[in-house]
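Encoded as structure tokens, the following chain is the form predicted alone, with no partner shown.
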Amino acid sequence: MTDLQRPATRAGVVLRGRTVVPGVVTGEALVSPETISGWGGIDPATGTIIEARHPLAGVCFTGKILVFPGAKGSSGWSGFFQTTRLLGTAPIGMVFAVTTTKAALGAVVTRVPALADLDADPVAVLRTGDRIRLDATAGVVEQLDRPDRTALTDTTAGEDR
């Protein structure tokens, strides 16, 4: 793919928040518009959201930075996310809008950089697919680029890119 065929990007959003677990990671955001249930809401073996009525049901969070409003359900939430770490299916970072004991403990036992209580709602500002840098040590999450959602057409091949 040539530079002329690459989708345009937009970047520049910077959010500041409170460190839950220090560390730095860069990756793709997976943004959940709703809280996530740990016990019965995720499959730790695959890193997939399995909660039937959840908007991201069937979506895998493995290797992504999980951006979500917070945790819901029982205190078993953290145990399920710890299991994702043990099985190698965990997200690489977490950004949650509101600190709860479930979400904070889940981030600690998952041992991934985590940030909460940001100066703007990360669920409203970030989108799935955004490439972000989470520097939880400094308390910053930065949107590096946002792929353009409109498909470009390669007129020579007649394929969407």
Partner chain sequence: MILTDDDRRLRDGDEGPAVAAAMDLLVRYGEALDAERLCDVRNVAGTTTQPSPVKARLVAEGGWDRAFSLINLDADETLPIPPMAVPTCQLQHGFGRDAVGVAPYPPEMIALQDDGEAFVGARGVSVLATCTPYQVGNLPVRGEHCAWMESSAVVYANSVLGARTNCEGGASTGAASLTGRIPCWGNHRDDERLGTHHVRVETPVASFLDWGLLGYAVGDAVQEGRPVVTGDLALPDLTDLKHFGAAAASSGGVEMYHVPGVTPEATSTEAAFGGRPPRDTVVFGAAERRAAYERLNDQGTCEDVDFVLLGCPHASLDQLRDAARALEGRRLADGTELWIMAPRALVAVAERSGYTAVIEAAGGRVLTDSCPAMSRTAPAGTRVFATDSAKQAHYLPAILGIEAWFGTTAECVDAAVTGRWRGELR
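Every value quoted in this text rests on a predicted model; they were computed, and no experiment measured them. Numbering follows the first chain given and starts at 1.
The form predicted in complex with its partner chain exists for this protein as well; it is not shown, and the discussion that follows is about that form.
Asker: Heavy atoms within 4.5 Å of its partner chain in the predicted bound form: which stretch in 25-33, 107-115, 54-62, 129-137 meets that?
Answerer: Comparing against its partner chain in the predicted bound form, the contact stretch is 107-115.
Asker: Check whether residue 99 has any heavy atom within 4.5 Å of a heavy atom of its partner chain in the predicted bound form, and answer yes or no.
Answerer: Judged by the heavy-atom cut-off of 4.5 Å, residue 99 is in contact with its partner chain in the predicted bound form.
Asker: Can you tell me if residue 16 lies within 4.5 angstroms of its partner chain in the predicted bound form, counting non-hydrogen atoms only?
Answerer: Looking in the predicted bound form, residue contacts with its partner chain do not include residue 16, since no heavy atom lies within 4.5 Å.
Asker: Does at least one non-hydrogen atom of residue 89 fall within 4.5 angstroms of its partner chain in the predicted bound form?
Answerer: Although its partner chain is absent here, residue 89 would stay clear of it in the predicted bound form, with no heavy atoms inside 4.5 Å.
Asker: Could you confirm whether residue 141 comes within 4.5 Å of its partner chain in the predicted bound form, counting heavy atoms only?
Answerer: Residue-level check for residue 141: no, no contact with its partner chain.
Asker: Just give me the residues of 12-48, first to last, that have a heavy atom within 4.5 Å of its partner chain in the predicted bound form.
Answerer: 18, 19, 20, 39, 40, in sequence order.
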